[in-house]
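We begin with a single chain expressed as structure tokens, specifically the form predicted on its own.
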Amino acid sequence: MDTRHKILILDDDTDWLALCRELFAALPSHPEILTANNAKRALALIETEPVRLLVCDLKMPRIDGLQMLAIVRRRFPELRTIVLSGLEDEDYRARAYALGVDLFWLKTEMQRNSKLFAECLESLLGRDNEPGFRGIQSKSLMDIIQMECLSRTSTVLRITRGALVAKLWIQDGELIDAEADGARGEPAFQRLLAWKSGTFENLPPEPDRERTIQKPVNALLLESAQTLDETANPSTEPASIESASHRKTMWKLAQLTREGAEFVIVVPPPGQGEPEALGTQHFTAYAGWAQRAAEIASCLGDRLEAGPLSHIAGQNLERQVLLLPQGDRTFMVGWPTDAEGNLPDKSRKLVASWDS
């Protein structure tokens, strides 16, 4: 009995399909490679074959890659997906990750770093319960950083966790800068290492990047490991537990203040607990409305085959509200009427950092 996993490659370029077939067939696990040059053919294969991983281009005639990914996420939620595109566009990247893709790679980067890309493929073909960062699931972020520094590479690591995006700049094997959650340098690096999961990718190096981190990377990793160990083994004394809860509440209030939001309401699935709120005491009616609105929008999206709900926006004389799904919960974020900027993106960032 053939127990090899199946990889389906979707691209309208026949020469590229042939190149990928040759590369993927050489993987250590020797997967079976299927190809399709249009979305209709790819969907037919997914319906009839036990496909483990879909590698999809974005720019295709009729049904493009983003439409295809929306259909796949709704009809085949367990299927793992990689975007392999020639479009170097941050908007496409963000939209693809919003649809739940596991990795987004540029075709040029895949050809330049084929070994790392092959490791990513093998990882996504592996077991479901392997922890870590998607891309190399058996490794922690510390492992990934050490691997890049030991190999004396120059690269920018882009790490994504939901709507949160962080970057690490590595030059000739030395960590020189970091950005995460509004911070830069060592504070950003410490925040980033607290992330338990996410997706990473290698971007081209930026040799002119200003250096803000002077410590050796091993010293930083050791300090972070000690901090994380203390966090993972807290005191069980009631006073300590109460203090930790207070710190978490104050941190969330600080998040609200920093982003300029008025409140956040978290609505669990029906029958799985009570809504939580921070920044407002009058949340029962809001929570009920949020739950009903999310259910109606989900049903409408299924009927129209429009993909998952992105967000619902509303406004009255007192405030603006954004409704966003996050896993099995629904978040409502309230903003002042004069709030500026891209409120959907600001709300997603706030929601993504809520439980980090």
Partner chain sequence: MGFLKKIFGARAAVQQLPTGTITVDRHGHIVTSTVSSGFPKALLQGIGRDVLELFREARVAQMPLAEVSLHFGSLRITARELRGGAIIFLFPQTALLPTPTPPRL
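Numbering follows the first chain given and starts at 1. Computed from a prediction, not measured in an experiment: that's the story for all the values here.
Quick note: we don't show the form predicted together with its partner chain, though the next part is all about it.
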> Ok, I33, V51, L309, L43: which has a heavy atom sitting within 4.5 Å of its partner chain in the predicted complex?
Replying inline: L309
> Would Y286 show up as a contact with its partner chain in the predicted complex if we use heavy atoms at 4.5 Å?
Replying inline: yes
> Is D64 close enough to touch its partner chain in the predicted complex, meaning at least one heavy atom pair within 4.5 Å?
Replying inline: yes
>> Quick check on V321: any heavy atom within 4.5 Å of its partner chain in the predicted complex?
In response: yes
>> Is L10 part of the interface with its partner chain in the predicted complex - any heavy atom within 4.5 Å?
In response: no
> Can you name the residues of 290 to 314 that have a non-hydrogen atom within 4.5 angstroms of its partner chain in the predicted complex?
Replying inline: R292, A293, I296, A297, L300, G301, R303, L304, E305, A306, G307, P308, L309, S310, H311, I312, A313, G314
